[in-house]
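Here we start with a single chain on its own, the form predicted on its own, put down as structure tokens.
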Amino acid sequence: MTTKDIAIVGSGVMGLTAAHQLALRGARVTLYDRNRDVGRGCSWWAGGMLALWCEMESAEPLIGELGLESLSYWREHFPHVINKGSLVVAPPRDTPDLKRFAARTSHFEVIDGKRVAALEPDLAGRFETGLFFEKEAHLDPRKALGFLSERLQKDLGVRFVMEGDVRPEALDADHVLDCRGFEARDVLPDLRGVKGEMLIVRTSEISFARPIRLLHPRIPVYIVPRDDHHFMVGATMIESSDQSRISARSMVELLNAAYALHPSFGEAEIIETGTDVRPAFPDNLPRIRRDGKILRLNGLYRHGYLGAPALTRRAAEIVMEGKTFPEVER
């Protein structure tokens, strides 16, 4: 059987998981990116929450289907997934928002303030009730990107070409996967940008074991624990393709929301801020579009780590086995 030559453009979570899925199936893969460092786009700034049931609060059922598969993928292939669930809370005045969140989601346990404190001691006495999604998980996106990059190059023979602005149309391969995200808007005219802004802060005054979502009246915020007392605070969703730095308003509102979760965030050190533009189609669902020998994988919106492995598995089976997937080939 002839080995297929596959070129992939884009080294974010979509490109890396596509390379992984194809290399595991015996393809000869070359991955291209104009940046010298892997994943320096939306994937770098992501929260890394594998929270498919929480996402059902506003997402379509397809995201849950992709998310369940992707959760299994990360648990199988990335050894640093943290399987401690996620917690959703709201101040007493916003209890109706918590009930509304519960009505739109599943696979959770309604817990009282005592159980909230048992799960997260630093939240003791702060919330009367919450929703605990025990089967969810999270990961550090930057560790995941680095791990996949190393595995692809050292163990699976994937070649990385990290220089220059490579056009998918110019590559000589049996198949080309365009995984450029928002940069592919030149050939995907219905792709739009949704700006996201985030912070990384550091404080040794608080310790969380799992991501926590606070249903806040202005910006529902999530806080994801990282190593060395770091916390990712995110994230805004602004209908804009502007990739400039975080705005003063967004920073203030994210910090206010974090402070509402716990006052110790008021003394936290701001380590890093980040912004980028999420690629989204009008219905906020991902697509695989065929264009001759090119497959264009795009539209992950806010579901990058939750959707990429499942979408790229479908792309790999299209390329290697000739399968079709009507739910995403639109």
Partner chain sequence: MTDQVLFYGETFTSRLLLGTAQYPSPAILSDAIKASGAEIVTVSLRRESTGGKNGRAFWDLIKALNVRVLPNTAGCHSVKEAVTTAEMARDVFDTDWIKLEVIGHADTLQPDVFGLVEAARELISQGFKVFPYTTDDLVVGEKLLSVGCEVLMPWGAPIGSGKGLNNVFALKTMRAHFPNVPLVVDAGIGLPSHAAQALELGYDAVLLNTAVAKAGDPVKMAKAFALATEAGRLSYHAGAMEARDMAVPSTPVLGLAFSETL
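All figures in this text were calculated on a predicted structure; none of them were measured in a lab. Numbering follows the first chain given and starts at 1.
Heads up, the form predicted together with its partner chain isn't pictured, but that's what we're talking about next.
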| item | value |
| --- | --- |
| Contact assignment for its partner chain in the model of the complex, among 37, 60, 65, 291, heavy atom within 4.5 Å | 60 |
| Proximity to its partner chain in the model of the complex, single hit among 138, 213, 175, 195 (heavy atom within 4.5 Å) | 195 |
| Stretch in contact, per heavy atom within 4.5 angstroms of its partner chain in the model of the complex, of 69-77, 118-126, 238-246, 105-113 | 238-246 |
| Contact of residue 273 with its partner chain in the model of the complex (heavy atom, 4.5 Å) | no |
| In the model of the complex, residue 100 touching its partner chain (heavy atom, 4.5 Å) | yes |
| 4.5 Å heavy atom contact, residue 217 and its partner chain in the model of the complex | yes |
| Residue 26 within 4.5 Å of its partner chain in the model of the complex, heavy atoms | no |
| Within 4.5 Å of its partner chain in the model of the complex: residues from 269-290 (heavy atom criterion) | 282, 283, 284 |
